[in-house]
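One chain is shown next in structure tokens, namely the form predicted on its own.
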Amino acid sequence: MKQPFYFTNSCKVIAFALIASASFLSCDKKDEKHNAEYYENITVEGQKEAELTAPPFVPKPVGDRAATKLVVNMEIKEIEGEMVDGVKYNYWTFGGSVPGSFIRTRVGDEVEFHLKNHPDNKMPHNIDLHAVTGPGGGATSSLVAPGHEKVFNFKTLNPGLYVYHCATAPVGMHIANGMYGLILVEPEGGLPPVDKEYYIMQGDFYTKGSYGEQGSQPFDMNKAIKEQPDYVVFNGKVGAVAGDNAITAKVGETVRIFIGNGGPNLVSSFHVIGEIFDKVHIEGGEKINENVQTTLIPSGGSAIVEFKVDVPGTFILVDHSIFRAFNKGALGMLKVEGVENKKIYSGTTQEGIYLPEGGTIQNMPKENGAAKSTTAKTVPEQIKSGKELFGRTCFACHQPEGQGVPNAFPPLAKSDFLNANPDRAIGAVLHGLSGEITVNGKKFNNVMTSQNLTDEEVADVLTYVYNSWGNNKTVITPAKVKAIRAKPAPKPVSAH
């Protein structure tokens, strides 16, 4: 016998209510498990000193250890460093590095923080940790004069990746001088294991001299207020994560980067050229986005990016506000070793010329006004200046060791093309170069733009190239460049 319709519907309503109630209770239980009050009442077990690391390295993962009393010993150091070759800068640091030492904790830890201001320092400092729930993030309890130490305690209540920085007035100046870092609060049980983990922070720097101007460069408050940085860099200096300092991985490994932005002013558009982020912890929190090309990191913010590397090669890390990368220093490298996978990436399968704007060589914009005065330099001074110029103007195409890009840009290292004819090399920089050439037995057919450089700059960068990577140590003088510049520019080679 069939049940009445109303009874059946009533049962459905009751069943739905029971399911909803159970689900609600389950959510309540889950929320209770993850709220601040829950972690506040976790009992700590034992005590240990925190492992602190300088970038790009991070301490060992927390794993499934219990909450503990974690003692952090952080020393503030005011030190002179090098922003780029030949440019000195007086950094203010947490732990002697920019960014400061990486701190790794877990939710429920009781942190005993010892902040020590080295006796040789000139300024008072403090620390504001965004992971701290309390006035000033600890800043109100930690102002410390040179030669003194302050101690304060806090409980880690929220999992995530957090910025810390100095908050002593003028706050912007302290941050702009390098006083920032990251503190990670791992969830219970720790983050999922990966093969490689790295620590990178972007920062913008403001100097009295322009980019690359030699000597000791003091901080420029006027530029900082106008938000006009001379340098935008990863880990405190140009090339800190490039060349010999590049981070590394092997094909098949998963890489996790803890990426932060110390600011003090600019937002970062973090991107790895040739990779896609499998996971992004948005703004360093628990929410995860997937298959992301570029992630925004606000000043004073962070993100955790993860990706598996499937093919070998050098992958370029940039702030995709792209002039910052190629002209102000926000460029790093991930070097991946392993076997190629042609199914994923074939490399060049066909080569030819495509000039949609015609066969003429494109020119860099010229500056109006009087030419810069030149001063006689020694050869070592030329090489030093040329190395800095190479990093700004030639690095992307010809690579840090002059190895070039296969099938695209010719090598400068041990280059028979360069060594055979210095005048031709000068002309290529001044007027550009197009058409097929042969370098070290391999054919290249591409277009090089003319460069907007002074005679002195052309002489310096070519002298650096000729005195590097097994070349013949030719010295190029500004007078020689001036003479080549006075001659008519050669006609471009036909593309047909």
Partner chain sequence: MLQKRIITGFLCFISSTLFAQEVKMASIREGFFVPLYGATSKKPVKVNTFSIDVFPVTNAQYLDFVKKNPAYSRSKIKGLFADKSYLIQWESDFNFGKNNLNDAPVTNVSWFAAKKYCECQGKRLPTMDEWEYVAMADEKRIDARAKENFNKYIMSWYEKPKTYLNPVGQTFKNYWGVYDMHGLVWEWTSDFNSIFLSGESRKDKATDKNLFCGSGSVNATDLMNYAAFMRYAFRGSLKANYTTKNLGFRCAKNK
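No experiment lies behind these values; they were computed from the predicted model shown. Residue numbers count along the first chain shown, from 1.
Unshown form predicted in complex with its partner chain; subsequent notes refer to it.
Colleague: Using a 4.5 Å heavy atom cut-off, indicate which stretch of 303-311, 135-143, 241-249, 412-420 touches its partner chain in the predicted bound form.
Modeller: Looking at the other structure, the answer is 135-143.
Colleague: Assess the spot marked by His320, Gln403 and Val405: is its partner chain within 4.5 Å of a heavy atom from every one of these residues in the predicted bound form?
Modeller: Zero of three within 4.5 Å in the predicted bound form.
Colleague: Under a 4.5 angstroms heavy atom criterion, identify the one residue in Val84, Val185, Val336, Met173 near its partner chain in the predicted bound form.
Modeller: None of the other options qualify; the answer is Met173.
Colleague: Which one of His114, Lys77, His148, Lys384 is close to its partner chain in the predicted bound form, taking close to mean a heavy atom within 4.5 Å?
Modeller: Looking at His114, Lys77, His148, Lys384 one by one, just His148 meets the 4.5 Å heavy-atom criterion.
Colleague: Wondering, does Phe326 line up within 4.5 Å of its partner chain in the predicted bound form on heavy atoms?
Modeller: No, Phe326 sits far enough from its partner chain in the predicted bound form that none of its heavy atoms falls within 4.5 Å.
Colleague: Wondering, does Asn261 line up within 4.5 Å of its partner chain in the predicted bound form on heavy atoms?
Modeller: No, Asn261 stays farther than 4.5 Å from its partner chain in the predicted bound form.
Colleague: Looking in the predicted bound form, any heavy atom of Thr393 within 4.5 Å of its partner chain?
Modeller: No, no contact at 4.5 Å.
Colleague: Closest heavy atom of Met123 to its partner chain in the predicted bound form, within 4.5 Å or not?
Modeller: Because a heavy atom of Met123 falls inside 4.5 Å of its partner chain in the predicted bound form, the answer is yes.
Colleague: Can you list, in sequence order, the residues from 205-224 that come within 4.5 Å of its partner chain in the predicted bound form, counting heavy atoms only?
Modeller: In sequence order, Gln217, Pro218, Phe219, Met221, Asn222 come within 4.5 Å of the partner.
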